[in-house]
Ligand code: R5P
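What follows is one chain in structure tokens, specifically the form predicted alone.
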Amino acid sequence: MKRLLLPFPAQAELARQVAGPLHAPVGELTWRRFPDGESLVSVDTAVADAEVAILASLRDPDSLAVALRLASDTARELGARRVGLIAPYLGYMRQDQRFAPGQAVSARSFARMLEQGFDWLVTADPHLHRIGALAEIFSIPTVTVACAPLLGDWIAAHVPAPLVIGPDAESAQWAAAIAARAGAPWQVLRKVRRGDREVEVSIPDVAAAQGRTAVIVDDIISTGRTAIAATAHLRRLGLPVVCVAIHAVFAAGAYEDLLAAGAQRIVSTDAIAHPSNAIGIGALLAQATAELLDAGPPTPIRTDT
């Protein structure tokens, strides 16, 4: 079956990593905006009779949502057999319940919107809270790839005498798994959040940290408040600090603030294109996508019996 990978412009480099192991050529998808803000999307006409995978990291989902739908609809109109979405970063997973009267449950609404345009979804480490798995909110097939082993491998190869630091108690199991992969000890910070942009942290065992490089690991750095507070605290203890994350959101100057706090190096996967990218996840995304394509469309559920 013919395959075709269509990356949005920001994912051009990642597409080269995905295309090889997926055995899919990279087609052309262009996206530009008119002066009034409307999108003009064009897709490669080679989509005809192909299994099409659109690659788009949803770092800014509001600006991408319409363009995504235009791309998927156009691929179908031009004869694509199926159209799937590879979204290394999947936005809108935070708001998974109504925290105040009248609020939108955006995780579920966004899932419904995506499944109207796509037949399947591949993503990396979605930032889920009370949702246990994507299958709870998506009716289309979904596959999630886990990047933690790649973080552990990078730490083992690049950081001398690492001490893996989890940002909070909820990260304990995740930090422990990364530390085991890196062959390193680990600790979890004690954290008190004073507001959206104010966090106090402390390391529980200062003596055990001496002589080591503190490696703060997180699935996502958004505002960076916890990582910034942790970096400043660890630097005051005299420890060199490296920050390693899966999703480099870095909103509102967080990357620069983290460097200013004393981070020796900031490293991320290429799930979101950013200058900190140093860990490639293309092979993982390609493998997950191939498994979905090889499985074929799901068997329809009969309702006439």
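Computed from a predicted structure; not experimentally measured. One-based numbering along the sequence shown.
Here the subject shifts to the form predicted in complex with ribose-5-phosphate (R5P), a form of this protein not shown in this document.
query: Heavy atoms within 4.5 Å of ribose-5-phosphate (R5P) in the predicted bound form: which of the stretches 178 to 186, 76 to 84, 216 to 224, 132 to 140 has them?
result: Correct option: 216 to 224.
query: Tell me, which of His158, Arg94, Arg190, Arg112 has a heavy atom within 4.5 angstroms of ribose-5-phosphate (R5P) in the predicted bound form?
result: Of His158, Arg94, Arg190, Arg112, the residue with a heavy atom within 4.5 Å of ribose-5-phosphate (R5P) in the predicted bound form is Arg94.
- prompt: Does any heavy atom of Glu200 come within 4.5 Å of a heavy atom of ribose-5-phosphate (R5P) in the predicted bound form?
  reply: The answer is no: Glu200 has no heavy atom within 4.5 Å of ribose-5-phosphate (R5P).
task: Using a 4.5 Å heavy atom cut-off, state whether His127 contacts ribose-5-phosphate (R5P) in the predicted bound form.
output: His127: contacts ribose-5-phosphate (R5P) in the predicted bound form.
field: 4.5 Å heavy atom contact, Asp153 to ribose-5-phosphate (R5P) in the predicted bound form
entry: No, Asp153 stays farther than 4.5 Å from ribose-5-phosphate (R5P) in the predicted bound form.
message: Suppose contact means any heavy atom within 4.5 Å; which members of 144 to 183 contact ribose-5-phosphate (R5P) in the predicted bound form?
response: Sequence-ordered list: Asp168, Glu170.
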